[in-house]
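Let us start with two forms of the same protein chain, each given on its own as structure tokens and named structure 1 and structure 2.
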Structure 1
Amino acid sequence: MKRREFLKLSTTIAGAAMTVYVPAGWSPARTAGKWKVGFSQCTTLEPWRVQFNKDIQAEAKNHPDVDLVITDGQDKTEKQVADCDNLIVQQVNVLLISPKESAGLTGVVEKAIDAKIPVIVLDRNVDTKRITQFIGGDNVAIGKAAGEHAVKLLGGPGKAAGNVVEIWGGMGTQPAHDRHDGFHAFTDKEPGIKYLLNNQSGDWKQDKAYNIMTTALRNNEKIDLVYGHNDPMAYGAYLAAKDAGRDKDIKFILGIDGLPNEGVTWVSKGQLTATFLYATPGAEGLRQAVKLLKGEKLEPVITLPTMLITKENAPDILKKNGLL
């Protein structure tokens, strides 16, 4: 993957902390020669989250002086709050968290900080500026890239026209709103583009997106493009269209994630028109935690790069990952 293929992203993220915050009195003291790093994952029901955990576990093998503890919130805010409470009781040296939703996890993040545990937030932010660092993709920029590509596919700037189905991720998550806002920053300029649904959430799940698309197909004779906030939902919409015998009529389906064995494969097969890489922050999150523990300087925000994946470059990615 050549560096120049990556799309440029802004270095600021709405709501992210802009200063490195470390709780007063925090000590990176080791226990039995090891640091304990806790990671609260919100769910493992999504393939991207499974890869997320694999990435952080793989990085942990490079740091024998780190004891990594991973919890699974099972897609429930109350379970993830309980997980974080447990990690606080264990007195982890650093808490990594990828929240299910911002508002519901902010309180326990503040609780960890009050207990003198620095918090690094991954992928989805929380509503406090006292976090040590945020790591994730720039969802607004990725949404804009998706919107720009959609306009191109529908006829180009000033001429784009068509009926668009947008399937949201979780309505309580900032990434879904950012991916929506970024997309519409481009598509709303085109009077020929019509939106067929009003804030339909697939909660990042393929089966829910299938059901939304089934209803959209039933109620609309003409659909030109589907924008899914992640690849599983875009693929679920594709399967619904295929089952209805209309997949050939819908010219373009876009997604976001770019996992080799999912989105990239579906693009390679022509089932999705394009996807955008949304790298997991797992490995980088652990690397940054280790830097903090070693007393090295951190940046307040790390923005992970993205890239457009189409049928032209998908085979190269599959080859590099041993899938072709």
Structure 2
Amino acid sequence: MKRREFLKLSTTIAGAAMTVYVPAGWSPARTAGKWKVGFSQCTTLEPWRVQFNKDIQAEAKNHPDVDLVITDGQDKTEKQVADCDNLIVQQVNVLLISPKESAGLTGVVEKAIDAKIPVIVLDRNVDTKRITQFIGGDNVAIGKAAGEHAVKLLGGPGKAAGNVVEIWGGMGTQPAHDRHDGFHAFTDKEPGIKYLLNNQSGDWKQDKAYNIMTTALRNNEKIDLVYGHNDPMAYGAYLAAKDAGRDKDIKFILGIDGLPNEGVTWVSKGQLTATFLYATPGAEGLRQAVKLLKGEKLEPVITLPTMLITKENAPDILKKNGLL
């Protein structure tokens, strides 16, 4: 037998063997459920998204009649569209989607609706009214809560005073603008509050925020409050202040997200003053999907509430998540 023939033959045999032997835990074993729910996640490169996936998986364990298929868009619109196409072809009973961006995913959502698959959109909306339901947090409301808390920390309404550093998330993203607008709805009323930075974006990242804060510390001898659009950035700013030996002067560092293994931990250690929960719509999304499958009617929009997390209630949250 020639070598090439031998190679061809052995590959074929190996391939055939592989089709018979499918490792345990792969999809065929999971077709036991009555309903198939597809969830298209846009990325798993951020801690918040990872928590999102954990939440939806934890909720899926409570519904044995549901098969949950999660796809990862890897932070690319075209990959996420392909994922959704794939889920539509698989004829899932409900499609959950957390879009990377609105415009690029509107088409495929409409395609799913046309294919008679109900779509529940999570966290970020799409540009069409034809969806079944939208579930998400309200970034403006969270920003407002943060602003209210900041005013309280700086001396109370009417007499609040101090220098504030605001570190933006991605400049082009709606959540960053909402968190900014909400915050300023409260703080702009206070004449004593001065803003030190002009639209500095930390791109939601701890290391970028660290470098922005280093320069801000150098430029300004007095900083009273840092407002990070998410926890990692607030923490990065805290680290910069700590490395500069000024973390004790800057008493109030606020973040948003409230993930148990991030923000809540930092708050409980006293490194951040407070954080605000931006709950993932994972668990609620799956509950609503099950409701729909059982024939109930859904409300068009569900807004998830926020929660102030301070040193007082942080340990309870950590305990609930098994981290303490």
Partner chain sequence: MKVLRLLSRTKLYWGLLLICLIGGLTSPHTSSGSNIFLSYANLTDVLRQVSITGLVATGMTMVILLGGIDLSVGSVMGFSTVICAMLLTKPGLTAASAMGVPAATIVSGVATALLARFIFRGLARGRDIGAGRRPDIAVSPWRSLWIPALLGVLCATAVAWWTTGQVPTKFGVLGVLLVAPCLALVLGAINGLLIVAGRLQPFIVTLAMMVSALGVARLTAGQDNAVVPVYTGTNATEAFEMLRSMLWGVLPVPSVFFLAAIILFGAIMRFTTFGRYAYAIGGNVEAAKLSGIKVAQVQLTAYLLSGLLAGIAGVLFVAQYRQGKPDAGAGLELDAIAAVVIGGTSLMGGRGGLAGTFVGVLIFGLLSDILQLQNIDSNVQLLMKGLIIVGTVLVQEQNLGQLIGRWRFSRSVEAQVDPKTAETHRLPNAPTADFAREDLDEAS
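Quick note, the numbers are simply positions in structure 1, starting from 1. In this text the structure is predicted, and so the values were computed from the model without any measurement. Take the two forms, superpose them, and find the largest set of C-alpha atoms that agree within 1.5 Å; that set is the rigid core.
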Please state whether structure 1 or structure 2 is the form predicted in complex with its partner chain. 2
Of the options Gly236, Ile167, Leu277, Cys84, the one placed at the hinge where rigid parts change between structures 1 and 2 is Leu277
Should the larger rigid part be superposed on its C-alpha atoms, how many degrees would the smaller part be seen to turn between structures 1 and 2? 16
Expressed in angstrom, the C-alpha movement of Asn125 between structures 1 and 2 on a rigid core superposition is 2.6
Between structures 1 and 2, how far the Cα of Gly295 shifts once the core is aligned, in Å: 5.0
